[in-house]
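Shown next as structure tokens: one chain only, the form predicted on its own.
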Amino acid sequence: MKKKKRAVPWLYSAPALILIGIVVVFPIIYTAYISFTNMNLYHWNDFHFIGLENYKRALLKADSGFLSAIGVTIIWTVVNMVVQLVLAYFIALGLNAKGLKLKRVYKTLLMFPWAMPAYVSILLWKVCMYNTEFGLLNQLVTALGGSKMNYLAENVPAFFACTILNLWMALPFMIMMIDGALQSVDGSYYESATLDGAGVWQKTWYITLPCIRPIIAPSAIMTTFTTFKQFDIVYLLTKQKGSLSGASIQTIITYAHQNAFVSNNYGLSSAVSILIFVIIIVFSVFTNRGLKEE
């Protein structure tokens, strides 16, 4: 009877476990297998095992582009997260200012960029903001006496263009999280600090930040993962087939995509995908350990 009772939960869980195995586990295992082969457009059916050659090419070959793609991805993630957290914090402070009217209206309007489908937002920005001839930015520049600029033609302007768009899309979520965290801080802490003669920065450093950190940390980690593996913004703005902008920004996700669907080198692309998977797993282990210790 005990064995039957123990088997019942597994029987109920079996459909979900089978589905997870098919959708999640099998693709990872198959990708890992392909990463050790020379599978590509010319070796589609007759590919063979080549060991760690794809990993060596990605990690040790200087002109492979993988290491530079990792560097760009790290810069992309750090810049976006730092700016996002700082801006979101100060905007959330403004939304919590005493006497501010129409708070709910502002918060509702802030959610539109986050709620709008990413594909629609990116194409709207590409056509309506960054377009060389008809974009709003160039309309403003020419109205002020400047000359038109192609914001997506070179790497540095394109990087900042992608960053601005990513902030526009991701800021609302972080603002709402920090706004909720600020509202959870007990006001008596500030009253006691005021009586002790504490200033604004002392209250921020010793009361606000420690109180909201347990709430903000998981959101920041989740957003970091999302930013690290960001694909659609960089691809749709600069690398979409049929509308290449001229910039050659390459993150590790677009690098893997290019090797799989442009160069048709599936072995190398699979190796890069596994390396990305390992990086994310290692990062998640360390961040989760840090949260538990805290």
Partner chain sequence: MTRRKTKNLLRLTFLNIFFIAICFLALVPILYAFTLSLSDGSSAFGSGLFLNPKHVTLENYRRILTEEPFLLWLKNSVILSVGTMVVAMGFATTASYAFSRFRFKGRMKILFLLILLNAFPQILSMFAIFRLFKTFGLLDSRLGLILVYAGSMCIFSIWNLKGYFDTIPVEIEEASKIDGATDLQMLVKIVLPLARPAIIVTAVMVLIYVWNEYLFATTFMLSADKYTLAGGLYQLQANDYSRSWSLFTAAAVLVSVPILIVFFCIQKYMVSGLTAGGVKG
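Numbering follows the first chain given and starts at 1. Nothing here was measured: the structure is a model prediction, and the numbers come from that model.
Not on display, but discussed next: the form predicted together with the partner chain.
Proximity of residue 27 to the partner chain in the model of the complex falls within the 4.5 Å heavy atom cutoff. Among residues of the shown chain, residue 210 is not one whose heavy atoms approach the partner chain to within 4.5 Å in the model of the complex.
Taking the partner from elsewhere, residue 72 is found to have every heavy atom lying beyond 4.5 Å of the partner chain in the model of the complex. Among residues of the shown chain, residue 240 is one whose heavy atoms approach the partner chain to within 4.5 Å in the model of the complex.
Annotation: in the model of the complex, residues 94, 111 and 136 each come within 4.5 Å of the partner chain through at least one heavy atom. Taking a 4.5 Å heavy atom cutoff to the partner chain in the model of the complex, the contact residue among 167, 129, 85, 193 is 129. Shown without its partner, the chain has 218, 219, 222, 229, 231, 232 in segment 201 to 232 as residues with a non-hydrogen atom within 4.5 angstroms of the partner chain in the model of the complex.
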